[in-house]
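Below you'll find only one chain, the form predicted alone, shown as structure tokens.
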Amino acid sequence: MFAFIVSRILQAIPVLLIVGFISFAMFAFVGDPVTVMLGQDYTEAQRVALVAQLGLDKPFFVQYGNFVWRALHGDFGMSYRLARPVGGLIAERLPATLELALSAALLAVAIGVPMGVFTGIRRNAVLSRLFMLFSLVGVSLPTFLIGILLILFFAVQLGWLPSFGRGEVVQFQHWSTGFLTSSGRRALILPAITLGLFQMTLILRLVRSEMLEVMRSDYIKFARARGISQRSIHFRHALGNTLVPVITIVGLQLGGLIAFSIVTETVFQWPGMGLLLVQSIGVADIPVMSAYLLLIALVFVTINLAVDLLYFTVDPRLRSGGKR
């Protein structure tokens, strides 16, 4: 197990370097951050001095090398837009994004898995057909439209929930959370539903297809012939054998929720990393954009490692294979 973890970490290092290079190369030639920082009225001497201060007068590969070296020490430079350390900005916005992504993932799993199991066991029931119709709607509608419709109905028409913001939060040193306040929990409902609806329908369809395939297998027929209860067959034998692909999808989708929460955070003005990225793109804030993509790559690498480790826990065939 230890050798497996070490090998995966060694494989992740070139991935992070390549992602860092691509992101830095894409953003290095986008826009003019010097003009954004100095405004309209500036002298050529001020421009030359700022370019030298930011290191933009150096060759591209020297700039990239400096970026990697600073990133290894936790320093992602200064934001061109806010003139603040990028690491501090990400640390401020990261709790909001993680809170939203984890809530959406929990909602998707808690609702998607039971619905998938039900539609797989009773595929001809009326309720199963309604679930499948719901999943079709969830897959088809774009995220921004779902968010706008939820705001229109629950915030504007009914006035039950807030339409933007994070609500009141509680601060624990460098970490903030809205779970502990009533306004924070109410503000989280609509963004979490918007972000998690697509993942919910994806999990529903995956669990349903896996359940249908497993229920036709020989060992399920043998279990029925032995007189094992239907509850045990459904939730112990059948569902247990569908968990490996479900874990894969849930793990990758969790990374996707963190990476692609940009639209949801923009619609609801949720103060997370996605909204920070959108604001940074408009002014070519290269350090923030590069640090964001590098952080997302690290999140995906970490989640893939966690998913692989869960395989060993769920699937006994992998553990026996590893021992041999």
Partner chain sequence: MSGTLVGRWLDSDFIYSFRKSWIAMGSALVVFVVLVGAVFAHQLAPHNPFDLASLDLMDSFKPPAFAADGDLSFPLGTDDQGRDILSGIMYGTRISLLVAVLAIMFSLIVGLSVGLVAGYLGGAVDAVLMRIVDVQLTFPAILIALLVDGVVRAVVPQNMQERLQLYVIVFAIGISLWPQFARTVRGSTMIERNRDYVMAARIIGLSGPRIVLTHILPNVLGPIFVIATLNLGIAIIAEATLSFLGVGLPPTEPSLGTLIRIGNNFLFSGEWWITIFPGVTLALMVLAINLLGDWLRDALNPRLR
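Positions refer to the first chain, counted from 1. Computed from a prediction, not measured in an experiment: that's the story for all the values here.
The same protein also exists as the form predicted together with its partner chain; that form is not shown, yet it is the one meant from here on.
**Q** Indicate whether the candidate residues 107, 202 and 270 are all in contact with its partner chain in the predicted complex, with contact defined as any heavy atom within 4.5 Å.
**A** Heavy-atom distance to its partner chain in the predicted complex: none of the three under 4.5 Å.
**Q** Among the candidate residues 189, 141, 121, 82, which is the single one with a non-hydrogen atom no more than 4.5 Å from its partner chain in the predicted complex?
**A** Contact residue from the list: 141.
**Q** Its partner chain isn't shown here, but in the predicted complex which of 158, 180, 127, 145 has a heavy atom within 4.5 Å of it?
**A** Flagged contact: 145.
**Q** Within 4.5 Å of its partner chain in the predicted complex, counting heavy atoms only, one of 147 to 155, 171 to 179, 86 to 94, 111 to 119 shows up; tell me which.
**A** It is the stretch 147 to 155.
**Q** Is residue 24 part of the interface with its partner chain in the predicted complex - any heavy atom within 4.5 Å?
**A** Residue 24: no, not in contact with its partner chain in the predicted complex.
**Q** Can residue 72 be called a contact residue for its partner chain in the predicted complex at 4.5 Å between heavy atoms?
**A** Answer no; every heavy atom of residue 72 is more than 4.5 Å from its partner chain in the predicted complex.
**Q** Does residue 17 reach its partner chain in the predicted complex if we count a contact as any heavy atom within 4.5 Å?
**A** So residue 17 does not count as contacting its partner chain.
**Q** Counting only non-hydrogen atoms and a 4.5 angstroms cut-off, does residue 260 reach its partner chain in the predicted complex?
**A** Because a heavy atom of residue 260 falls inside 4.5 Å of its partner chain in the predicted complex, the answer is yes.
**Q** Using a 4.5 Å heavy atom cutoff, which residues in 266 to 304 contact its partner chain in the predicted complex? It's fine if the answer is none.
**A** Result: 266, 267, 277, 278, 281, 282, 284, 286, 289, 292, 293, 296, 297, 300, 304.
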